[in-house]
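Next up: just one chain, as structure tokens, the form predicted alone.
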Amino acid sequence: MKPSLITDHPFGEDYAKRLGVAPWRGHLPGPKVEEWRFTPLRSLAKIAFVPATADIDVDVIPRNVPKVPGAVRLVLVNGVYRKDLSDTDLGKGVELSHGKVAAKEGSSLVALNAAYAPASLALHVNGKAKKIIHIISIGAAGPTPTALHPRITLTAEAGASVTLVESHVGLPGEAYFSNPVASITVGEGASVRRYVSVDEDSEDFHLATSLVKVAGGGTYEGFHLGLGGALTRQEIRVALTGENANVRLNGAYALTGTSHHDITTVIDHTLPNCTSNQIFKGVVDGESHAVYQGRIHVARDAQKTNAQLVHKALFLSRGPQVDCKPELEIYADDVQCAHGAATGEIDPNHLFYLAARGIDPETARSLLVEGFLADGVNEIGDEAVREIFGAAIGGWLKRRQA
């Protein structure tokens, strides 16, 4: 039985103190749920988070948020849209609104988001958006552990095109639990490019869910980068609902310390002549733990499906752990589907080659790691975003050396 959410027990501070625990912890996915077997939430459930407030004192965008050239910035603080920190000119063909959140949809985490999200930041695209839309989600707990539930809805009408960048960052303070949900609809012949970066503090929790539907002839390109957080999970579910739909879903992660990062993808092929391609690469160091789960489902009527999935992880020391679980579930007989997974360490011959040319060992290792992750980052279609994400990985490498 899937875990359910009981919304008549608010997880307010008084209630939490009375029970001595976070009262909603029984509604989080447990280890008996197969997709969460490698990502236990015990450490999250021990903290009595209180609902985020909108009156937190945030008047500037954090410096570590990159500036995307030519982009329009939309800022959320603790899940609440901040017009004073946002740009208002979205350009032609893009409309911004704030709608109610559907109460019944998906998993228990999505239901938790629906119960506590202040509103949905809804974007409606009807045409070719000339400006990149950069959504900045800022978590600010202050003196008390806080739970925030950002909600983003993007609808691209038939023939429309848009590029969306998401930056999830946090401010210093107590730990916070961010539970963002993104609902994306790609219309017939439409194109959506979405690039997500999660770079939060080492004590913060981030459990994100993306629900994507791609109609016939539509294209969805997604990239997910994970560089920080105590426990992070990026779950992406894509349903191809029309013929000739195309999905390119890629990502990279770089972990150190005791960080835990889980990337889970589900691609659902239901109709013929659709394609999906996935490439995920990551590096792990310290006592970190990486999880990759990728499932491709091909229905009986989804003939002529072409689906590929690759995951590769690089160990930088002997302490970290990687769990990888690629899956193919195929009911059609005329398909081209494949998956592959590999883990390993840096090739000592490559280190020797660079050392023989006068490069010190630490710099040589960084160059090899950067080159390894570049194969994934190079899948980003937008050149400016590709450079920004590459620079973020370079910054992680510098912090690791320090």
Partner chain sequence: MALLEIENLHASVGGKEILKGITLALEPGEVHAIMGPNGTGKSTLSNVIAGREGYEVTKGNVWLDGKDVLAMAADARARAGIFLAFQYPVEIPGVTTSAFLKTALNAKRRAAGQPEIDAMELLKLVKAKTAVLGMPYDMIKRALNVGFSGGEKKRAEVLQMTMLEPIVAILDETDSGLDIDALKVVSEGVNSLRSPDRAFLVITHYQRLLDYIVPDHVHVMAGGKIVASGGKELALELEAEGYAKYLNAAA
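Numbering follows the first chain given and starts at 1. Quantities reported herein were computed from a predicted structural model and do not represent experimental measurements.
Keep in mind that the form predicted together with the partner chain is missing from the display, and what follows is about it.
K.L.:
Mark residue 357 yes when one of its heavy atoms lies within 4.5 Å of a heavy atom of the partner chain in the predicted complex, and no otherwise.
P.N.:
Yes - in the predicted complex, heavy atoms of residue 357 and the partner chain come within 4.5 Å of each other.
K.L.:
Although the partner chain is absent from this view, report whether residue 61 comes within 4.5 Å of it in the predicted complex, heavy atoms only.
P.N.:
Result no; residue 61 lies far from the partner chain in the predicted complex.
K.L.:
Even though the partner chain is not shown here, does residue 56 get within 4.5 Å of it in the predicted complex, heavy atoms only?
P.N.:
Contact check for residue 56: no, nothing within 4.5 Å of the partner chain in the predicted complex.
K.L.:
If we define contact as a non-hydrogen atom of the residue within 4.5 angstroms of the partner, is residue 343 a contact of the partner chain in the predicted complex?
P.N.:
It does not: once the partner chain is placed as it appears in the predicted complex, residue 343 has no heavy atom within 4.5 Å of it.
K.L.:
Within 4.5 Å, heavy atoms only, one stretch in 38-46, 64-72, 332-340, 358-366 touches the partner chain in the predicted complex. Which?
P.N.:
This holds for exactly one stretch, 358-366.
K.L.:
Give a yes or no on whether every one of 350, 353 and 374 sits within 4.5 angstroms of the partner chain in the predicted complex by heavy atom.
P.N.:
Affirmative, all three are within 4.5 Å.
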